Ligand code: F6P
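In structure tokens, the next block holds one chain alone, the form predicted alone.
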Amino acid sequence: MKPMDRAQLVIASNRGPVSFGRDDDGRLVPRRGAGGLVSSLGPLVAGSGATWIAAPMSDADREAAASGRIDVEGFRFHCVDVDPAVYRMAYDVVSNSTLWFLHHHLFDLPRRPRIDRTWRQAWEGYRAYNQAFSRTLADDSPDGAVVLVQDYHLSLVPAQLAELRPDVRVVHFLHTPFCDPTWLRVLPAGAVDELIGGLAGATAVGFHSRRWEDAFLGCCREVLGRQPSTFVSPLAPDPDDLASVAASDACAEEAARLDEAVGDRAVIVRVDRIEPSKNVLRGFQAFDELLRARADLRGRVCFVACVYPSREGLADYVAYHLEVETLARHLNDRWAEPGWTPVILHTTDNFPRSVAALRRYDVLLVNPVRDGLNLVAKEGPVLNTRHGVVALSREAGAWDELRRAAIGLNPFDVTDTAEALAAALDMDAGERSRRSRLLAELASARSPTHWLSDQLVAAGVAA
């Protein structure tokens, strides 16, 4: 297999490695982008000659897009010129309110989704958004390029790009789960054909878990009558990046604040976005049930929730955020005693604080109703300094790798989750030590480099 020139590598994602703002003189200024994809993939391709193509997030991004390809922060970066109204339809209505809910099996089917004329217009916007990416990729990709398309926002790109540039090899990687065939039937038949046909146009389609690959292939058999090429490659945390944050002054300050708040008590930690698939509410309900059942734990354990807003432009997310804050207050009203706050809730995005919490936990609760991977379940064991135990949903993709050492739980079962928390807190020191060491080994068995290499191999080139 021939090694590839990284100048032939092109990455496409909704959110890019840089965003733009303005300095005091009104000039455009690039800033390093946020998000797990950028932090994992960015260091591997920065300075390599690879091109990264993404959507504009702001007016400043759109102005930068007008100048075409630029070299910034070690990337050859091109921001796709997408009309803001088209972007809102593609991102808010289709990607986040439809496909995200579909793949995570979140729809309250008697009420949602509502497929009407407005939704069909939004699907046209989603198609146009994908077409804008495909045209830009066709124009910017060198001869024989390998294009790595990331995530469900760009599900139509592989087939579109194959028509425009048959010389290009496209790998599409989905960071979400994939819906079962029964759920796929929620969508109109034409949208189903486009969605599955779009992804099947890739040279290969990748997933974090064999379960999501199987679900996708089941959909392909039902819709296309054939199975496209697929592969499984779970992403891993970047230990060097985590170690850098853990050693920072900002993390030390957050750790001191955390120690002051919890004292010598046992600590349950969660680090998540505030959104329905992460199952924050049932986590709090399980803690409430634990305190009801175990009077001996009252005053002796704190639940530290570092959860931060997500997609606040969508009504479902705003409502969920309010429910999370209300339930946390309710638990504190019920259980708090002088000198003990049972639930310590942080609802702003503060990565050094999250890292400090992951270093400090005795139990890490990761209980999504369905999750493509959940990188926090792997970051925690790499960072933790207290022989912490992970209580992990079997519906997370990370369960495939961590099941030998984590305590499994049914995310829909509040009692099961409470019992998993109790088992973790009651575990003897020897078993905690054994599990924590094995968790760290399993979580660090792969690196982001392995994940990138798997995508390149799936495209038919050597890393």
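Here the structure is a predicted model, which is why all the values come from computation and not from measurement. The first residue of the shown sequence is 1; numbering continues from there.
Keep in mind the form predicted in complex with this ligand is missing from the figure; the text below concerns it.
Residues placing heavy atoms within 4.5 Å of this ligand in the predicted bound form fall in a single listed stretch, namely 146-154, out of 321-329, 346-354, 279-287, 146-154. At the 4.5 Å threshold, heavy atoms of G36 reach this ligand in the predicted bound form.
None of the heavy atoms of R76 is located within 4.5 Å of this ligand in the predicted bound form. With a 4.5 Å cutoff on heavy atoms, R15 counts as touching this ligand in the predicted bound form. Remark: R221 does not count among the residues lining this ligand in the predicted bound form, judged by a heavy atom distance of 4.5 Å or less.
When this ligand is considered in the predicted bound form, only one residue from W123, W335, W100, W183 comes within 4.5 Å through any heavy atom, namely W100. Only one of the listed residues (H175, R370, R360, R127) places a non-hydrogen atom within 4.5 angstroms of this ligand in the predicted bound form, and that residue is H175. Shown here without this ligand, the chain has only R273 in 272-293 lying with a heavy atom within 4.5 Å of that partner in the predicted bound form.
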